[in-house]
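Before any questions on binding or motion, here is one chain by itself as structure tokens, the form predicted alone.
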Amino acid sequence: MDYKRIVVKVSGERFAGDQHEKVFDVHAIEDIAGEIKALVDMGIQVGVVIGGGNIVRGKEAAAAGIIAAQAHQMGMLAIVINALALQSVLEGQGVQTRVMSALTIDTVAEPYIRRRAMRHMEKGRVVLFAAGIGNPFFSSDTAGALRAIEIGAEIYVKATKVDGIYTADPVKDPNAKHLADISYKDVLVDDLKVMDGAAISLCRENHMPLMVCKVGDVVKALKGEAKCTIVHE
């Protein structure tokens, strides 16, 4: 547990918990906040990138007939909503936070400025990076990779519903094998669906280690006490 600064990616779907008919499940958000608080209490500087899939996905909105660029902008705004929800719960748990948006929404969030984000983290505040990178056609996974690289994080953590990367979808294939360690090249060559290719390429080109673990196991995985996958050069 030698990390001083990390970026954690949490999918928007986790904000709905197991209640898929709901947009938000406050108990699920409290669990996410509790895990982030545990990292802060250990002295780690934390940035969080959030998805917006519990509200709207840009690709799905585009497939439904919305102009593609605007559909992705809708997805970015959904991320801002999730960031505000997580901010509220975190601050209710005593964690200082700042929401920094790649879109200009001055009345609800600060604009994303790299040096300001780093300063917030140095002061012990959790920075919630909202609105992706501010441009359409880029996923929140790519936004997380970019922010991790920009602010000098030591590792990019993707917290998801499975405990790492498998040779196939473990839900569909009972023979899928868990991979504790894999290179970025192999993720791309084998087309393993851990995150989009742009995010993987960014991490690879900038030597950013990636850890994939289960939501709720981030602290244990960083300590080496829970199953996860480390992706590196």
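From 1 onward, residues are counted along the sequence shown. Quantities reported herein were computed from a predicted structural model and do not represent experimental measurements.
There is also a form predicted in complex with ligand UDP; it is not shown, and the following applies to it.
- Against ligand UDP in the model of the complex, the set Tyr3, Gly47 and Gly124 makes no contact: no member has a heavy atom within 4.5 Å.
- Within this chain, Gly164 is remote from the site of ligand UDP in the model of the complex, having no heavy atom within 4.5 Å.
- The closest non-hydrogen atom of Ala83 lies beyond 4.5 Å of ligand UDP in the model of the complex.
- In the model of the complex, ligand UDP lies farther than 4.5 Å from every heavy atom of His120.
- Contact between Asn135 and ligand UDP in the model of the complex is found at the 4.5 Å heavy atom cutoff.
- In plain terms, the part of the chain that comes close to ligand UDP in the model of the complex, with a heavy atom within 4.5 Å, is 49-57 out of 27-35, 49-57, 186-194, 171-179.
- Taking ligand UDP as positioned in the model of the complex, none of the residues of 213-233 brings a heavy atom within 4.5 Å of it.
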